[in-house]
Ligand SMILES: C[S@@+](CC[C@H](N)C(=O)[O-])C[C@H]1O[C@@H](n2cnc3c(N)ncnc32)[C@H](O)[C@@H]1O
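What follows is one chain in C-alpha cells, specifically the form predicted on its own.
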C-alpha cells in the first residue's frame, strides 16, 4: 500500500478521524492549510523566524507533503521552492500545485525530487525548512549536506518534528506503536546523535535543540496544560482544596497528599521516554 493509498483509506475510517484532522490529512486541501496557519505549531515557528530576524527572503521547503508549510510561507510573502518526491494530488506535489493555483501564488515553485538530489545552485536560499521529513532520509548525511550547500552564508536550516529513538528496542517500539506504519511501512527514526553528527559534519552550528516537551512544535496537537507538570500540579491543588476544604487548611496537607501519590507511582515530571518516537526540532546556521 502506498502513502497515498493509506491516507485515502484512513479518511474513510472514523477510527482515524482525530489523526486525519490533527495531521492535516483531510481531503479539503485549503481547509488543512487554513487550520495549519491558525494552529499553535505554525505560530511558534513564525515566532522563531521573528527571533532570527527573518521576515523576508527565499525559503526551500523540503519534504513538503501536501504543502501546508510551503504554501503558508508563500502566503506570508516569502519566495518559496517546495520539494516533494511524491507526485500525488492527495498528499504530494499535485496537492501543492492545486493550492498554488487556488491561491494564485506566483512566489511558489514546486519540484518533484528527493532531498538528496535537489540540484539547486549553491548558496541559493536564506532558509531551508524541513517539517517531519528528515527522519525519512534515504541518506541522512547527504540530505543534510545538500541542505547546507544550497544555503547562503549566514542562512538557517530549521528542521521540525523529527522522530528520535535511542536504541534498537526503542525503534521497534516506535514502529509498532505508529498508527500507520503497518499499512505502508514508510516510517523511520534516528538517534539524536545521528542527527547532530550529520549537522556537524555538514558544517552547521547548532543554535537550538528542542526536545519533545520543550516546545508545542514537537508535542502539538497536545496543549501546554496537558503536558506541563506545573499546570497539572496546579489543577490537582485546586481540586484538592475544593474536595478537601477542611484538610487543606493545614499547611502540610497538600504536600503529604503529593508524597502519597508519588509513593503510589504517580509522576509529576515529564518523561519523553514514555512517548514512542518522541519528536525533536533543531535550528541550525551556516556560519
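Numbering follows the first chain given and starts at 1. In this text the structure is predicted, and so the values were computed from the model without any measurement.
If you look for the form predicted in complex with this ligand, you will not find it shown, but the lines that follow are about it.
Among 215-223, 65-73, 46-54, 27-35, which stretch sits within 4.5 Å of this ligand in the model of the complex, heavy atoms only? Heavy atoms within 4.5 Å of this ligand in the model of the complex occur in 65-73.
So in the model of the complex, does any heavy atom of residue 120 sit within 4.5 Å of this ligand? Judged by the heavy-atom cut-off of 4.5 Å, residue 120 is well away from this ligand in the model of the complex.
Please run the contact check for residue 85 against this ligand in the model of the complex: heavy atoms, 4.5 angstroms, yes or no? The answer is yes: residue 85 has a heavy atom within 4.5 Å of this ligand.
Just checking whether residue 199 would be counted as a contact of this ligand in the model of the complex - the rule being heavy atoms within 4.5 angstroms. Residue 199 lies outside the contact set for this ligand.
Is there a heavy atom of residue 114 no more than 4.5 Å from a heavy atom of this ligand in the model of the complex? Taking the distances in the model of the complex, the answer for residue 114 is yes, it comes within 4.5 Å of this ligand.
Which pick from 99, 91, 164, 150 sits with a heavy atom within 4.5 Å of this ligand in the model of the complex? Of the listed residues, the single hit is 91.
Of these, 136, 181, 209, 142, which has a heavy atom no more than 4.5 Å from this ligand in the model of the complex? Contact with this ligand in the model of the complex is made by 136 alone.
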